[in-house]
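This document starts with one chain, in the form predicted alone, laid out as structure tokens.
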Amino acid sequence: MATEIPKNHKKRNDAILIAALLLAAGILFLATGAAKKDGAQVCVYVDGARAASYSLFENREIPLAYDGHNTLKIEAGAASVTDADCPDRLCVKQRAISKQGETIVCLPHRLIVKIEGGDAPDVDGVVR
């Protein structure tokens, strides 16, 4: 016959498990964020094709008029969309980007703003 674990031990074990999972998630979050490299340029893609490229080191405001109107602002090594005429304006609400691989997307205008360049990314693994 199996013995039953008292309720107070179950609660303690659950709390330990939750704390361990949160700690592991925090470590993974910090490790992936620290591995990102600063970018060198902002690339604008429309319908998946590269339409323009701008240096992250030159502060400027660029009007983008492809399938609607967006305003791209480059300031202090980061890029953001500061204005758009799309209905939801989610692209304006996204934070500024500066690390390789980060993107801002405007789905109604089929526009992607992506950070590229800079140092070569670290190797994630080796395939044999």
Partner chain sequence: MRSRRAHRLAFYALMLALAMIFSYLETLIPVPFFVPGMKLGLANVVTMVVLYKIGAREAAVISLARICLSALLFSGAFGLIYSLAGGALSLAVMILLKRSGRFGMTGVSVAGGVCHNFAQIGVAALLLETGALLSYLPVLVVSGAVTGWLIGMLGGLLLSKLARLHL
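The shown structure was predicted, so the numbers you read here are calculated from the model rather than taken from an experiment. Residue numbers count along the first chain shown, from 1.
The same protein also has a form predicted together with its partner chain, omitted here; what follows describes it.
**Q** May I ask you to choose, among 98, 94, 53, 82, the residue with a heavy atom within 4.5 Å of its partner chain in the predicted complex?
**A** Contact check passes for 94.
**Q** Answer for residue 78 alone: is it within 4.5 Å of its partner chain in the predicted complex, judged on heavy atom distances?
**A** Result no; residue 78 lies far from its partner chain in the predicted complex.
**Q** Answer yes if any heavy atom of residue 88 is within 4.5 Å of a heavy atom of its partner chain in the predicted complex; otherwise answer no.
**A** Residue 88 belongs to the contact set for its partner chain.
**Q** So in the predicted complex, does residue 29 come within 4.5 Å of its partner chain, heavy atom to heavy atom?
**A** Yes, contact at 4.5 Å.
**Q** Mark residue 117 yes when one of its heavy atoms lies within 4.5 Å of a heavy atom of its partner chain in the predicted complex, and no otherwise.
**A** Although its partner chain is absent here, residue 117 would stay clear of it in the predicted complex, with no heavy atoms inside 4.5 Å.
**Q** Pull the contact list for 11-28: residues with a heavy atom within 4.5 Å of its partner chain in the predicted complex, in sequence order.
**A** 13, 14, 17, 18, 21, 22, 25, 28, in sequence order.
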